[in-house]
Ligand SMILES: NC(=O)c1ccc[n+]([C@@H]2O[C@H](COP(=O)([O-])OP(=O)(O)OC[C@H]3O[C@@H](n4cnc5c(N)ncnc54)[C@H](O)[C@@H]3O)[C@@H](O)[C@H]2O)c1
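Just the one chain here, laid out as structure tokens, in the form predicted on its own.
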Amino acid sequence: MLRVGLIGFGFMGRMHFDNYVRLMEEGYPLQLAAICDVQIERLKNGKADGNMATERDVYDLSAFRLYDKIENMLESEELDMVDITLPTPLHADIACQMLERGLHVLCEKPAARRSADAFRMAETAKRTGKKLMIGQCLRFWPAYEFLKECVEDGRYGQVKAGYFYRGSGAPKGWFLDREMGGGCLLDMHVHDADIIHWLFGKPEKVSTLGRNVIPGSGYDIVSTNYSYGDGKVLNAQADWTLEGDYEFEMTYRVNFERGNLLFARNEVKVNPQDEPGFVAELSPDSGYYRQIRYFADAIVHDRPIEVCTPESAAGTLEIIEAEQLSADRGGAWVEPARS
């Protein structure tokens, strides 16, 4: 039985909680043994704010042991892994501490506030022999997995162009502190930057335009062009300022030599050049569920982490840092670091 401690019970903590409950209900050999948050007494009776809906408004946590200090949880529980869903600046130090204590670590994206800390996390995992995975959930999202398959097997030829987009209203709290949250670039846009990195490798250079609308938040509207040696035209945009009834949207359009894919409204339309178009058959499971199950399977069956290595997630932060510098320079082309 894999015993899990969930550290953080805000919006993403609840999203992960929902999927641990589902796994337990399905009979997976996993137990969510404890939940820890410095504000657990307040959070357990309150509604989480986020740009996607969680399963419940108010959570009944009476079946779980609750802690307001990580050390108290570790002293009282025999855990195999922890799941960290805390504010971004806390990820690196706590993840490294947990790895040093012999625990496997699933850590919510982004890996850390800066790429150097993300590489420190990766090195600690390698040295301790414990598994570490960053929750770049789109790598496990069926619509993006299907795109990855099409890119890799070449069924429609080479990619000529691609456009990736996500948008919502602004988050709340610490996310709007540029130094803590990194703005829209690091919180929201990092998903699509990571997908581009996963699909095509690190770009040779990036050019980003950014706009600040929300005081103190950093860039909250961004658009990035990615340059590759083969000349493919790639762009990713994100927007935190879509208020009213807009809610949340994520889409992509990728053009191949012999067809194109369009992901919108939770379905992927495939448009081959010489045959009728069709809607791809995809798993109904979310990327959150599938990433947690993948990581649990890796521990239970002692398999290596391959879909989202910590080094790859750290490399995505190097891309984001280049985008930040480009935006600060008014869209100048910047080469990402290559660690």
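Note that residue numbering begins at 1 and tracks the sequence as displayed. Bear in mind that the values here come from a model prediction, so they are computed numbers and not experimental data.
The form predicted together with the named molecule is left out here; the points below concern that form.
When the named molecule is considered in the predicted bound form, Lys131 lies well away from it, no heavy atom lying within 4.5 Å. By the criterion of a heavy atom within 4.5 Å, Gly13 is counted among the residues contacting the named molecule in the predicted bound form. The named molecule in the predicted bound form comes within 4.5 Å of no heavy atom belonging to Gly169. Using a 4.5 angstroms threshold between heavy atoms, Leu32 stays clear of the named molecule in the predicted bound form. Here the chain stands alone, but in the predicted bound form its contact with the named molecule, taken as any heavy atom within 4.5 Å, falls in 184 to 192 among 231 to 239, 114 to 122, 184 to 192, 216 to 224. The candidate spot formed by Gln39, His91 and Trp174 is fully in contact with the named molecule in the predicted bound form: every one of the three has a heavy atom within 4.5 Å.
Proximity to the named molecule in the predicted bound form, defined as a heavy atom within 4.5 Å, singles out one entry of Ala296, Cys308, Leu43, Ala314, which is Leu43. Of the residues given (Ile70, Leu66, Leu282, Val270), Ile70 alone sits with a heavy atom within 4.5 Å of the named molecule in the predicted bound form. With contact defined as any non-hydrogen atom lying within 4.5 angstroms of the named molecule in the predicted bound form, Tyr288 is the only contacting residue in 269 to 296.
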